[in-house]
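First comes one chain, alone, set out as structure tokens in the form predicted on its own.
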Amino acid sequence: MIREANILIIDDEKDQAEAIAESLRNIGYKCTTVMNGSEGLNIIRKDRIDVVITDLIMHEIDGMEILKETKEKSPESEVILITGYGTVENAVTAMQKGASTYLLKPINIKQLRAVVDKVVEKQNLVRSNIELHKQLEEKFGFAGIIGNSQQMHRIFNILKQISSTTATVLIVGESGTGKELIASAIHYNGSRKNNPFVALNSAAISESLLESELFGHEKGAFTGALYQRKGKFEYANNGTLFLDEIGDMPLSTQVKLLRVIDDGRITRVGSNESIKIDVRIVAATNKDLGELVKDGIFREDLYFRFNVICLRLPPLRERQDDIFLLTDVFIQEFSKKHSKNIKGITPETRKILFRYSWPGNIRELKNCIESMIVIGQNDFLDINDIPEHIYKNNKTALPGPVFPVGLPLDEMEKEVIKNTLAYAGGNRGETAKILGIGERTLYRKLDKYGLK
């Protein structure tokens, strides 16, 4: 059996190094041995090494130095230390700095093989998860945002265009639609990604403290101001400031914020000196700012400053195609978090999740799946695991699809099949029964419309 891992063994005791290598080669590993730390580091710097097995105590360059440089050059590489009884304390310290484990001399071959198999298995799992997330993102998302609906593809395209700019962005959407995640994606995919991303929820802070939170204050500026304090703008300098729930910001603060946007300078509360800042602003709201302007609650000039680029996030009920994709992602995430071996979700359960309108949007779906994972007792999530309010609430069931007049028959048929397949939880046999056609006919139509 060939085991896919490159192993480097570093030990100034040649016999021990060769014995370790031989024992691992016999079970299929590819091993390289060197007799000193310097030679080992040269290999680590130029080649991909999956596992480094190194003696802790060696002349010139010891195992701690090997560990340090390995993790700097290749954080995903695993390091196993070989140590004597007198250096166990140092080995434990090394594990705190990133070593996988340590083995005591004399080496037990059976234990050695078990340890190497375990760290390689762990490494492969991490890499496969990284690759899976990469594939998911390439196919269904952008910077950790998952979606396959037409609305989300449009948003991904806009994000790719605006992330590298410094334009102010306004994100509009209901609570739970992922506004902060979008703001974070804009920052971390732009030129400011190595500088701070600072978030502030305008609705979560009292009017009396909001100005200080934004602009900072000087010592003694008001009762309780016992020391000088930087505000969010200063912390976000050269980075991005995310202002959430901007529609709840009081008019008095709006005036000062407008001045900062126009001048690029802030003044701490209690100070006469202005400070130059360079901050990209991304704002978000779940309210209609245009209506707030009409009502005199939001300044029109500030609205136009924010509304340079407007991203409208659809609620989950308007992107039904994404419900099962998100469900599968959350099942994987929370199964790992709660150490559960959940393999999937039953078709009947998918139907109920698909029909629900999700007033709390993605946040509600995420919480629902986590709850189901925690209480689920079987390999597949089923109806009994669904939170009671979702299972029983028929008033929030989604309406059936509405087709515009004049839509070609082929397009209507495609939409009916797609929606029925989703309703049936991906079960093709059940889909065929609901549509009143044979499975072979369904397969031909799935192929025709590219719905496989």
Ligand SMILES: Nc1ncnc2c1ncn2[C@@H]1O[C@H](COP(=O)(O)OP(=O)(O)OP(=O)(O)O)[C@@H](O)[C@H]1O
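Fair warning: this is a prediction, and the values are worked out from it, not measured in the lab. Numbering starts at 1 and follows the sequence shown.
Although not depicted, the form predicted together with the ligand is the subject of the following passage.
- The chain is drawn here without the ligand; in the predicted bound form, the stretch among 256 to 264, 69 to 77, 102 to 110, 180 to 188 whose residues come within 4.5 Å of it by any heavy atom is 180 to 188.
- Contact with the ligand in the predicted bound form holds for all three of Gly176, Asn286 and Leu326, each having a heavy atom within 4.5 Å.
- The ligand is not drawn, but in the predicted bound form it has no heavy atom within 4.5 Å of Asp248.
- Lys366 belongs to the set of residues with a heavy atom inside 4.5 Å of the ligand in the predicted bound form.
- Contact between Phe330 and the ligand in the predicted bound form is found at the 4.5 Å heavy atom cutoff.
- Contact check for Ile345: no non-hydrogen atom falls within 4.5 Å of the ligand in the predicted bound form.
- Checked against the ligand in the predicted bound form, the candidates Ile352, Ala199, Ile145, Ile309 yield a single residue with a heavy atom inside 4.5 Å, and that residue is Ile145.
- Among Ile373, Val279, Ile362, Leu214, the residue placing a heavy atom within 4.5 Å of the ligand in the predicted bound form is Ile362.
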